[in-house]
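Take a look at this one chain, the form predicted on its own, written out in structure tokens.
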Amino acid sequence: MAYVSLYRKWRPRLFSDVVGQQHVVRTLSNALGEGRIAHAYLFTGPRGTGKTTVARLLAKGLNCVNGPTAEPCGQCPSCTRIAEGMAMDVVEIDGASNRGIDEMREIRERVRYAPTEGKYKIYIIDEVHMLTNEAFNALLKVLEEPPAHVVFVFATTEPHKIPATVASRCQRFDFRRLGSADAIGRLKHVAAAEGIDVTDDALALIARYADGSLRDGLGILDQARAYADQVTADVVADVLGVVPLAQVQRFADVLAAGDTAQGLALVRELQEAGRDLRQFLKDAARYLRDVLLLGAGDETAGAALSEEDRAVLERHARELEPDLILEAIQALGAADGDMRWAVRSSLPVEMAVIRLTRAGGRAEGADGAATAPAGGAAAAGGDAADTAALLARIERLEQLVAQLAGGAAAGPAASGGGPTEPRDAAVAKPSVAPAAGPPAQAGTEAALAAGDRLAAVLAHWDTLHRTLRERRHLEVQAFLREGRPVAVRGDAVVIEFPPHRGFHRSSLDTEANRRILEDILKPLLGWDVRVTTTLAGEEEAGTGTAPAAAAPSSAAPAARRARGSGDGAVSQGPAPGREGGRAAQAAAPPDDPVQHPAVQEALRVFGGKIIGVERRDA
């Protein structure tokens, strides 16, 4: 006798054999018992959940010699022929290959004829969503006025593709994915009846990868039995080509320890063993999900695991921070998508491992940004390989530059230098003392209010960048990185770009990108924010104004001698140290660019030296 696959051999022959679909079985059984038969049924749900099987059981119940009945005998000629797929009154049609109008017209002609053996003529159309619109229209007339002896059963995995005119004329039943307990129980029953030696952890692994489909689970069990006499979890993993749970647990240990070397070694081992890295990403994300849910108090997470593996899951729930787990799940998902375009398939996985393990080993600052170790130029050079830390440093430097630039006009006047003409009246104090009286007082208060608003924008600039990253608006963040906030006019935040960054300015200035920034800034700042952009020097060129030079002071000649001629002169020498830089900054004139705090911070962070100074007014 020819071998029969397990999923065919163990196909349910009675309604009571159906697992995990009690809501469907009970409704149909009651309808058959009471003789309330609908003319059309729509069975929807994932593959392998019993849609076609229940359709055949319904046909048995209708055409059994005792029918309509909820308990067909299974022995009469009608039941036997239906079970063998040879019944003349039960027509099964594959909607994927018989999807045209001609096939539906043929059905429309044939339904007029009475059944030959039983009481009903049953048409089972599988994958019915594949029919064309014309075919559905041809079928619609029959559904509107069907003969009393005809019953249609439509099965589909994509019910949203069924026209509403057809779906509304059917009784709909939604088949659910099998839970782990139901799937494992049925697999254990089949294995015991077939004499298959299978371990509990192997059954749990089969149920996990069957993903709610009992047919897929029986197929995996059948394949594993042919691979080895005893079916264990390692056997199932070898058959499926997936990563054993022990290696997924090892990945969680790597995250907890922040061990980059061990993480990269794990990826290399997976590749050498021929494991599917994309499946590894899915398995790792699924395991981390269980860790996250268990840590949040969901005791059902990982319920199908053995006691030993459950203990490991609980340990990881204690060791891994929820923020790191969430970041890891996102990084694994992104790596899965990037693998389709990567030159080397392991590269996105390796990048994710490096990013996650280094992130886990960094301390968090007060603002949530990763903080780099102190140590001046040497520390900066030692962290150069850490991309995330370097980006964080650059962001802090950009913030400092923006803050200093915003207060540059007011700074010299406050420190005792000569009066200066402000670049932007919205952020600087008036250069000429106003006459006493209410109008001047109101103007001063407006200027201070605008300055306070700019200070608020600068204070939340890092948060804006971090939120863009978290929400995966990476392109918007890349454009924004080239600009800086320079003023607040009313409710509008003005972002200035360098003259050679016109592309970034125009890209950020689209309505969609501005809306993204405004939606993030509004709750941070507390007012209805508008975002506008400009290029450096653009407003001055358009209005015919230019920034006025600082008033002469006794220190100016010394400053010019220190800089050179002032028209592009070059100053050679090593970068000053931190303490020396502060002393020089205190003693030097406020208009000396070499001693500007932003320049000194750049020297400290990147460990460079000044090789030249070019004045913009030259």
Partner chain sequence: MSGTMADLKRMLAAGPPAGLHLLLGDDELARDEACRLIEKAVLEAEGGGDRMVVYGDEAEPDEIAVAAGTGSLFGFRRLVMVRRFDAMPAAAQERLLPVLTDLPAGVTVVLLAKSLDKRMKAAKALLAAARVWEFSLPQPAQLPAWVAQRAAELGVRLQGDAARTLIDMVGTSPLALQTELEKLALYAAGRPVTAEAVRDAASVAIPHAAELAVFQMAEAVAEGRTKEALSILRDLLAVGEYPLVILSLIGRQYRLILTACGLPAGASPAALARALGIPQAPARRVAAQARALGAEGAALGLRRVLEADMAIKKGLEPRLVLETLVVALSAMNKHAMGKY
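Numbering follows the first chain given and starts at 1. For the two forms, the rigid core is made up of the largest set of C-alpha atoms that agree within 1.5 Å on superposition. Everything numeric here is computed off the predicted structure, so don't read it as measured data.
Another form, the form predicted together with its partner chain, is not on view; read the next lines as being about it.
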For this session: Select, from the options 470 to 478, 328 to 336, 521 to 529, 75 to 83, the stretch whose residues sit within 4.5 angstroms of its partner chain in the predicted complex by heavy atom distance.
Result: 328 to 336
For this session: Taking 4.5 Å between heavy atoms as the contact cutoff, choose which of Arg310, Arg176, His189, Lys119 touches its partner chain in the predicted complex.
Result: Arg176
For this session: Work out which of Arg315, Arg268, Arg289, Arg110 lies within 4.5 Å of its partner chain in the predicted complex, going by heavy atoms.
Result: Arg289
Exercise. So in the predicted complex, does Thr157 come within 4.5 Å of its partner chain, heavy atom to heavy atom?
Worked result: yes
Exercise. So, in the predicted complex, is Ala193 in contact with its partner chain at a 4.5 angstroms heavy atom limit?
Worked result: no
Exercise. According to a 4.5 angstroms non-hydrogen atom cut-off, is Asn137 in contact with its partner chain in the predicted complex?
Worked result: yes
Exercise. Is there any non-hydrogen atom of Pro593 lying within 4.5 Å of its partner chain in the predicted complex?
Worked result: no
For this session: Give, in sequence order, every residue of 269 to 302 that has a heavy atom within 4.5 Å of its partner chain in the predicted complex, or say none if there are no such residues.
Result: Ala285, Arg286, Arg289, Leu292, Leu293, Ala296, Gly297, Asp298, Thr300
Exercise. Comparing between the shown form and the other one on the rigid core: C-alpha of Arg278 shifted by 2 Å or more?
Worked result: yes
Problem set entry | Rigid core superposition, Asp126 Cα moves 2 angstroms or more between the shown form and the other one | no
Exercise. Superposing on the rigid core, does the Cα of Trp341 end up 2 Å or more away between the shown form and the other one?
Worked result: yes
